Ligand code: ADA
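Only one chain is shown below, in structure tokens, and it's the form predicted alone.
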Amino acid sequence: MERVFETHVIRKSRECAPVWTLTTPDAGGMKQPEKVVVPGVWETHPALRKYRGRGIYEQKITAGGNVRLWLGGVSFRARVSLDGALLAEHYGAYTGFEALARNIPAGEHTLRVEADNRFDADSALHVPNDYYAYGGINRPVMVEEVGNVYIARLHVTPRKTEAGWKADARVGLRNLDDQAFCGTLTLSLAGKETTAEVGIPGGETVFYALSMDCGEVTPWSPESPALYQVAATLLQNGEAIDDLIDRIGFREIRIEGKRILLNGQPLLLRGFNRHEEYGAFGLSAPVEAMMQDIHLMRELGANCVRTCHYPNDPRFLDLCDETGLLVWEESHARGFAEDKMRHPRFMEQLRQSTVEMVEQHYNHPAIFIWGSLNECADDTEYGAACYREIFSLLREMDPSRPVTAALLERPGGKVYGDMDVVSINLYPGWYRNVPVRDCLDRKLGEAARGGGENKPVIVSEIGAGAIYGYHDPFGEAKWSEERQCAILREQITAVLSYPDVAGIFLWQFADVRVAEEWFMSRPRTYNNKGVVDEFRRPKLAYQVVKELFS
């Protein structure tokens, strides 16, 4: 399933059968087609551990009429065809997209998905990086049969008033027909219902705004993550013809001076940076493994997680909603100097990732802040202009959440005044043997002078590396578990002693595979800064973090 709950009752929707045929036509691929499981990445196949090229997936589906295919993630270029007819192309591994076939005959059809993970000139965001660019269909594929008019989008914004909670909904209706459509839209939430008469011209998508009083509901919080089902139903001549179901939580995020407030209460964030990376599954993991990560982070005393450096699987976000784990989610861009940001497709692809992230994940109550452009060129005029454009886009799409970006420790930042929360990445004791307070004081001073004086501050990355099982009895050697413990203890203790710091995100939760081009500074070709390794085996630092976070 695309989500951890049913998103339709009326619309015919199902997940594609899991076994597909995979062909790899490029150099380094397999000699013969193989049966593989979707979702999955091809690097988990023994013959494709380092394969860069195209993977052609084929599957038989049985459907008819208007068939809407929803592909939750394909890494990282995709071409989708049905019976040889091209339906859709997409760039980006971490957000979903639609492929629509009109008026096909009922019966069996051949679905073909071509994935491509080559680092070619058209790719500005997917490049050799400090995490691995996998290949394959990494998230579920859904097959839906829709009428000529269907519900394309449902966004709900909770709003606290003196009289209680309200919900402001924005519902997108798409008309595939040439003829205009007239009908009724119903919205149900928290035992209340509201309706609107709708009219959609042929071939268009129209958005409708509905508001409703929800009265006394249980607010969502990490301690009490109350979720409410919201259902949009489309009717024609009194008959229900389509529906879309999601979940929301009634909660409000505000910035007040140097505090981030959830339902009026200040947050002290203690969390982890976490890549979607699993030793046995690569980028694509079963929901059981996602939940295990949440349980481990919660046991460590964490109340939040950052989805470095791209949008996460909506099922993981669903589980964060369920368990009360706050989420910083960010669109896909990491570590780009100005010359890379001037790639002719950089901003186009970044805008696409940002728009798709917000459109697809808007309703998750666990998401308390949007981010983008991790460690990019915020110290140049051109780079700062890119930051400001994405901040403006995020605020336009969602005024209800603050925006931020994790900035390098280097001096010269030009966007402190443009973000709602100042976030900085520091590695004292690891990359530089200097006291934590010296690093933090220097960066806080620069941020204050640059426009961030009365804003919340998050230490968005801080940490140290250790190779699982490597020990130094003297506790001095870097990459030993003992040295990681000592550095993390000093870092966490120092950061949490600052009353004006709103939170800390350790780098990182689990070790992750990186691009081979990074091997010189990444033993095992892994980023080894996790407090657990890629198989979730705890390092000695696990207990140190648990002690200090708890």
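If you're wondering where the values come from, they're calculated on a predicted model, not measured in any experiment. All residue numbers are counted from 1 along the displayed sequence.
Note that the form predicted together with the ligand isn't included here; everything after this is about it.
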item	value
Listed range touching the ligand, judged in the model of the complex by heavy atoms within 4.5 Å, from 421 to 429, 160 to 168, 278 to 286, 76 to 84	421 to 429
4.5 Å heavy atom contact, residue 374 to the ligand in the model of the complex	yes
Contact of residue 345 with the ligand in the model of the complex (heavy atom, 4.5 Å)	no
Partner proximity in the model of the complex: residue 529 to the ligand, non-hydrogen atom cutoff 4.5 Å	yes
The ligand contact in the model of the complex: residue 351, any heavy atom under 4.5 Å	no
Contacting member of 109, 334, 395, 258, with respect to the ligand in the model of the complex [4.5 Å, heavy atom]	334
Contact residue in the model of the complex, chosen from 242, 246, 318, 461 - any heavy atom within 4.5 Å of the ligand	461
Heavy atom within 4.5 Å of the ligand in the model of the complex - qualifying residues of 498 to 522	507, 522
